[in-house]
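Take a look at this single chain, the form predicted alone, given in structure tokens.
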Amino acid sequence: MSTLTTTAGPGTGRAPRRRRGVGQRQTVAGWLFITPALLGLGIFLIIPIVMALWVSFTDWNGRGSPFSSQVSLVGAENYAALLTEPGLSRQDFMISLRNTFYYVIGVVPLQTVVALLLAVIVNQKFLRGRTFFRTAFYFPSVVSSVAISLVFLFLFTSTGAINQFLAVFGIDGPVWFSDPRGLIHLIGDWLGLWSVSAPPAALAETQVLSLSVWEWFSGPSVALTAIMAQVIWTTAGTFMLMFLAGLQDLPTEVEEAAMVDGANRWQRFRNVTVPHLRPTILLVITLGVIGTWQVFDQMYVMTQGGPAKTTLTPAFLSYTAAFRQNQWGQGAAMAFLLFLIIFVLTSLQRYVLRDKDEAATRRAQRRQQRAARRKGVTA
């Protein structure tokens, strides 16, 4: 008696049983491999975020469970206290946003340019000791930020190395971490545009979001400028490695073709190297924006938000509200507002720095696909 065996062929629309079983086993194995990571993300990331979001809508003071019946749901009061209601909470939050804005504007462009220049230098084939210089430039990035902050505290004291160096040129250096004066105010005073001790009444009396226009346009304080210098020196090494990887990925044929066409070194750098590094530049700026808006440890170690709140940042203010003032709801609200700010700024930055030709090509392809679908429906 013969047995008839049916095997699914290419035209039957049915996969072979053996192949289907192998695929199912691979799927199960894949889920088993990623389950520990998913559990870790859920326990240590997703659940804490959900809990913090809940706390931001309550008046929890840090004692007991935030989900107990003794904790009251206050709605958006914590957010209103920071954004709309006049008071010390909104004033401090706006001061922290002003400080961080100047901090981002000062740090991100400079650290990007310095990192790119360092990468170009250590990528030169004729440079002797390239490995040593790469290690030396990257070394500050792997040292504890607390240790580097303590070193800079000694460097920028009134009798520190920085002021002694300035004294060689006849410059009387400030007491850096105790000077709350803004750089824009100082430059305007030096140019004779206004007086720091007697600001223009129109600027000092006009209030915008709990701060006067004069305070908004103060610029980074002298203390914040010293911290900015420390952060640029620390982070440039990390971004140097990213640019170095991008430079080593640059095809030599393209640069040699530019040399044959008669392009000088600057023209090759501007028209060949920089366009090739566009994805790396986007990554560096994105990481720089995120990192600078989240700055905390330097402020905690070096200034505690002073002098006169000129180094206060949203991250440090959130920590102070929660751990020192027991206003956990308001501290959590600051954290989520900071997340929203970072999300909006990074999305805007990605849109501005996008490859316009590639975006135009994708839009044209989407239009063609929609037109083809419409034709298919009409037919």
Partner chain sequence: MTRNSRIATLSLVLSGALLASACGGGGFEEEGATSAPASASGPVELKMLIASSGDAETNAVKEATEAWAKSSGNTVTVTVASDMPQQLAQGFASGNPADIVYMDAALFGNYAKQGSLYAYADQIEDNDDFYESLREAFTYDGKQYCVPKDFSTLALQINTDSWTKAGLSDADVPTTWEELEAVSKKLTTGGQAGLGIGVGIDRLGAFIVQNGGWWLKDDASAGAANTPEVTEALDYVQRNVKAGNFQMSNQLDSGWGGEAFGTKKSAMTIEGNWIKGAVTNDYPDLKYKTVELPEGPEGKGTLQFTQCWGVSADSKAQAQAVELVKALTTVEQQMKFAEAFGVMPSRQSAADQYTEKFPEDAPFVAGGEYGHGPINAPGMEQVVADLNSKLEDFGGANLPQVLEGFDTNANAALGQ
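Residue numbers count along the first chain shown, from 1. Everything quoted here is computed from the prediction, not taken from an experiment.
This next part talks about the form predicted in complex with the partner chain, which is not shown.
- Interface residue among 308, 127, 151, 80, judged by heavy atoms within 4.5 Å of the partner chain in the model of the complex: 308.
- Only one of the listed residues (101, 138, 214, 300) places a non-hydrogen atom within 4.5 angstroms of the partner chain in the model of the complex, and that residue is 300.
- Proximity of residue 347 to the partner chain in the model of the complex falls outside the 4.5 Å heavy atom cutoff.
- Contact check for residue 324: a heavy atom falls within 4.5 Å of the partner chain in the model of the complex.
- Contact between residue 264 and the partner chain in the model of the complex is not found at the 4.5 Å heavy atom cutoff.
- Remark: residue 193 does not count among the residues lining the partner chain in the model of the complex, judged by a heavy atom distance of 4.5 Å or less.
- Considering the partner chain in the model of the complex, the lone stretch of 129-137, 184-192, 105-113, 87-95 in range is 87-95 [heavy atom distance within 4.5 Å].
- Contacts to the partner chain in the model of the complex (heavy atom within 4.5 Å) from stretch 23-42: 24, 27, 31, 39.
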